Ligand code: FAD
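Given next, in structure tokens, is a single chain: the form predicted alone.
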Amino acid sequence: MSNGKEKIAIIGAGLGGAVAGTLLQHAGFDVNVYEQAPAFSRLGAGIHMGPNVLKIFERIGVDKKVIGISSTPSHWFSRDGITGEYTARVPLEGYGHTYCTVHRGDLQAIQCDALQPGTLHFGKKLARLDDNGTDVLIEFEDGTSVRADIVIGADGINSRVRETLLGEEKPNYSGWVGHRALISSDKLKKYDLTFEDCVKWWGPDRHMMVYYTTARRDEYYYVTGVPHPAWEFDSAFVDSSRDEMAASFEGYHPIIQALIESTDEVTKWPLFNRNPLPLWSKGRLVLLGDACHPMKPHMAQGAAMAIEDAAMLTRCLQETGVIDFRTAFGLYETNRRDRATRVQSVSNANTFLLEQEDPAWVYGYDIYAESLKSETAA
């Protein structure tokens, strides 16, 4: 029901925004994506993309590219961080597509390249939105402005679009930080130890998730969750150190000690979240991903939820057309809120796959196989 005339603007070109742009463009909509960063760089972070996401990537023709650059573990192992005992060996195959662990920057590059040429605009930091009832005026801090019929806020936990809808409110500091480090696999060869493809080491009050980020298995990445009483810094992250890591994981398994010894650079990031929002859209503005349901990263499903949002929002706009955006936004929230809230809750609790369980409700999910629920049926 798209006629190609109505304009859609997406604020934020992270994974959720970029995939939303490509999905909507494939569906025939006129879409532009605006990103505040001057350019994307290959920041040192890994990411999981499960079969629930690869099914969406298949629709836009990038699934094989993503698999080609990724590590594709057969299992998620959970182990006691001190004794090394296995608490779970969860198969990652049999859910309708591939499980990938990959460098976020490499994945981002694929998603940005999938957008139509000339539709991704860098250096566009949002200054103001004015939904006048007929369209939306979007003003950027560089002095430029554009108009669109609807605006999708994919601009993360500190979303300016969310602020326009609900007012300014700082996210909640969770009391946890995450340390992030990339290690060259060559550094690990000297150890007579097995470094598994995808393993989460669990301690009484902290953890370390570890996995390869390339098909070549030449980069091994870890991200932690460690209690930290307060975040005293203004920046998004700060440098950490091998000494700080050693103190945080003193007495833990020899594999964890080897990873810390092999660390050259490590950063420390605060983990924020928000309570479930009372609304996901208002007027011509709608939110997706961390802009409306941020979560701690303990299920490795935060970006996946943004991408599922993008797929569902595209389906709903295809049903109604942009001209009936109110119905589309209502359908979108009706069909996404329960699942996103469930994942948010489980992720924040940090219990997922600690013990043997069936993750089919996460990985086996196919957003295109789900019947759309009407707002009245919800």
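Note that the structure is a prediction, hence the values are computed from the model and not measured. Numbers follow the displayed sequence, beginning with 1.
Same protein, other form: the form predicted in complex with ligand FAD, not shown, and the subject of what follows.
- At the 4.5 Å threshold, heavy atoms of A304 reach ligand FAD in the predicted bound form.
- Among residues of the shown chain, R284 is not one whose heavy atoms approach ligand FAD to within 4.5 Å in the predicted bound form.
- Ligand FAD in the predicted bound form comes within 4.5 Å of a heavy atom belonging to G17.
- Contact annotation: K124 falls within 4.5 Å of ligand FAD in the predicted bound form, judged by heavy atom distances.
- The contact residue chosen from G81, P171, P73, P297 relative to ligand FAD in the predicted bound form is P297, the criterion being a non-hydrogen atom within 4.5 angstroms.
- A single residue from the set Y211, W176, W280, W201 has any heavy atom within 4.5 angstroms of ligand FAD in the predicted bound form; that residue is Y211.
- Heavy atoms within 4.5 Å of ligand FAD in the predicted bound form map, among the stretches 125 to 133, 258 to 266, 162 to 170, 192 to 200, onto 125 to 133 alone.
- Taking ligand FAD as it sits in the predicted bound form, the stretch 140 to 164 comes within 4.5 angstroms of it through a non-hydrogen atom at A154, D155, G156, R160.
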